[in-house]
Structures are given as structure tokens and as C-alpha cells.
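The form predicted on its own is given below as one chain in C-alpha cells.
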Amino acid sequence: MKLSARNVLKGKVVKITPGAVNSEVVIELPGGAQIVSIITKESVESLGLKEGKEAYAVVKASNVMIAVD
């Protein structure tokens, strides 16, 4: 797999919450941090995502916002 994105994080799917159209997918990284993504149910099925399966979180964004109270 080759991607132009610089942030490719390998982890394990720990939770999939299906919705009517989209599903929430939680990937846990080796250090214990979790990344949550909302993707279509069709994508979950076509990627064969299941809890316990290894997957990659690919982040490509031109902006990362940070906020504090």
C-alpha cells in the first residue's frame, strides 16, 4: 500500500457501532490511544472490518485545530 498521506497509524479495531447509513469505527493504537472514524456501512463491509482485525487510520488534513477552555 502506498499513500500520499503522511499519517498512517496501524492499530486494531476495538469497536464498530453501526448506524442507518454510517458506522463509527474505533481503532486502538499500540500505546492505547484510540482514533474514531465515521465511514459508510458499505465501506465497513467492503473492507471486511470486524472487532479484533488490524487496520490503518489514515489522516490527511491541511488543518489541525487545537482548543482550550
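Numbering starts at 1 and runs along the sequence shown. Source: prediction; values computed, not measured.
FYI, the form predicted together with a further copy of the same chain isn't displayed, but the following is about it.
When a further copy of the same chain is considered in the predicted complex, residue 61 lines it closely, a heavy atom lying within 4.5 Å. Interface membership of residue 51, defined by any non-hydrogen atom within 4.5 Å of a further copy of the same chain in the predicted complex, is ruled out.
Proximity of residue 21 to a further copy of the same chain in the predicted complex: non-hydrogen atoms within 4.5 Å are present. Although the partner is absent from this view, residue 14 stays clear of a further copy of the same chain in the predicted complex, with no non-hydrogen atom inside 4.5 angstroms.
In the predicted complex, a further copy of the same chain lies within 4.5 angstroms of at least one heavy atom of each of the following residues of 26 to 48: 27, 33, 34, 35, 36, 37, 38, 39, 40, 42, 43, 46, 47, in sequence order.
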